[in-house]
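To begin, one chain is listed below as structure tokens, in the form predicted alone.
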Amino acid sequence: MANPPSPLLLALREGTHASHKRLEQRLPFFSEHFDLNAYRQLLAAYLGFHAPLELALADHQPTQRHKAPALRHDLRALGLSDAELAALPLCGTLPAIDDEASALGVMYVLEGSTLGGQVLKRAMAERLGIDSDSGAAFLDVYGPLTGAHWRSFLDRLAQAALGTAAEARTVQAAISTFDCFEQWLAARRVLAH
């Protein structure tokens, strides 16, 4: 039987609900004109956000949870050269990661997105004809370990000994992550209108 959600998880869900919903509604995966070129542009923007954010999280997150390598693999599979990958712009406005509390908030957003990737993986296979070898590795970045990785992250949240102020920083960092990501994607002009 699953453990009940931790107070921190509940606070994160409640605190990020509006930001999460707003971004989800603007993501173009199910837009009428979303094609392979739009997908490639979207993944390039995702890499521009994930790569610097994972560097900022280096002291808090193990490298096996990094998504940037899968994004690079996908972009190569979709035709980008190493030189083109190296030339992609990187996001300069990232959520602040000052301590474990704020790192947990950022990771909540990144780890949670892997669950949505499972739905997108199937949809993009059907819509664009791609799989993990041909451009959709990012959507299934943990493969069969997706559920186990999510549960281990939930355990980390549950075991975090955060006071009220630190918990508030965790929630604020998660909100900031959603907001920074949305602003970056909007600046890259890859969101649905």
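In this text, all values refer to a predicted model and were calculated from it rather than measured experimentally. A residue's number is simply how far along the shown sequence it sits, counting from 1.
Below: the form predicted together with a small molecule, not depicted.
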Is the small molecule close enough to Y39, L75 and Y142 in the predicted complex that each of the three has a heavy atom within 4.5 Å of it?
-> no
Choose from 159 to 167, 126 to 134, 25 to 33, 59 to 67 the stretch whose residues reach within 4.5 Å of the small molecule in the predicted complex, heavy atoms counted.
-> 25 to 33
V119, heavy atom within 4.5 angstroms of the small molecule in the predicted complex | yes
Any chance F178 has a heavy atom within 4.5 Å of the small molecule in the predicted complex?
-> yes
Might V109 be said to contact the small molecule in the predicted complex, defining contact as any heavy atom within 4.5 Å?
-> yes
Is there a heavy atom of L85 no more than 4.5 Å from a heavy atom of the small molecule in the predicted complex?
-> no
